[in-house]
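Below you'll find only one chain, the form predicted alone, shown as structure tokens.
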């Protein structure tokens, strides 16, 4: 579930605490959660490494270490929490103890989340398939229109494709399309320049608002690293509001399936 606003919120909640701290031990690491290199390698390499920065790329959180990068993708149900000491062992998949006494815990109910420990070259290769960030100045209206051009796939499925724009997910794509007055099944390559401009503006404004509100929390799964829930749910226009009246025109919000994802939209506003 965590999308760009949630991962960015987690990054911001970790940034005041972890830089310059040193990993002292990795006492718990579920092998199922490790993408690469191996649990044994991570346990052997990470201790003694100083944190040099906290970054985000798309939906990936990157904890930069000396000569390495600890990368976490939360997928559907992952959650990062700073604890001191660890109080909840349920669904705890990984634990990093720091010299300061802080403990970074990775919880994951469904065990879809993944962890990498890679050098800079491998990090670049890992991120190479990703498209531009939504806030990248190089992502102009012309650049986005070129990415969508000649594509007959539904607009929603293209926006979920991390190779087109990195970081978008189901919640915010539905909200962006509503704000743009664009139907989720509209062929992506059919958009005129003015429609692409509207789409890009909506993408940036909605993501900025979601970040400012700490992301979206529907249940206990998503919290920031200090345990605070997101507040953007009350701002949602269509997502999760099937059969409720559209806030703009009053027509009932519809739910369909696009790209195998539940999709919420207003048939009147997004004709």
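Quick caveat: nothing in here was measured; it's all calculated off a predicted structure. Positions refer to the first chain, counted from 1.
Unshown form predicted in complex with the DNA; subsequent notes refer to it.
Participant: Could you tell me which stretch in 166-174, 132-140, 196-204, 96-104 has residues with non-hydrogen atoms within 4.5 Å of the DNA in the model of the complex?
Facilitator: This holds for exactly one stretch, 166-174.
Participant: Pick from 217, 69, 213, 237: which has a non-hydrogen atom within 4.5 Å of the DNA in the model of the complex?
Facilitator: Contact residue from the list: 217.
Participant: Identify whether the DNA in the model of the complex is within 4.5 Å of every residue in the set 3, 109 and 262, based on non-hydrogen atoms.
Facilitator: Yes, all three are in contact.
Participant: Taking the DNA as it sits in the model of the complex, is residue 122 near enough to touch it, meaning that at least one heavy atom pair lies within 4.5 angstroms?
Facilitator: No, residue 122 sits far enough from the DNA in the model of the complex that none of its heavy atoms falls within 4.5 Å.
Participant: Taking any heavy atom pair closer than or equal to 4.5 Å as contact, tell me whether residue 183 reaches the DNA in the model of the complex.
Facilitator: Taking the distances in the model of the complex, the answer for residue 183 is no, it never comes within 4.5 Å of the DNA.
Participant: In the model of the complex, is there a heavy atom of the DNA that lies within 4.5 Å of any heavy atom of residue 32, even though the partner is absent here?
Facilitator: Although the DNA is absent here, residue 32 would touch it in the model of the complex, with heavy atoms inside 4.5 Å.
Participant: Would you classify residue 49 as touching the DNA in the model of the complex, given a 4.5 Å non-hydrogen atom cut-off?
Facilitator: No.
Participant: Give, in sequence order, every residue of 26-65 that has a heavy atom within 4.5 Å of the DNA in the model of the complex, or say none if there are no such residues.
Facilitator: Result: 32, 59, 60.
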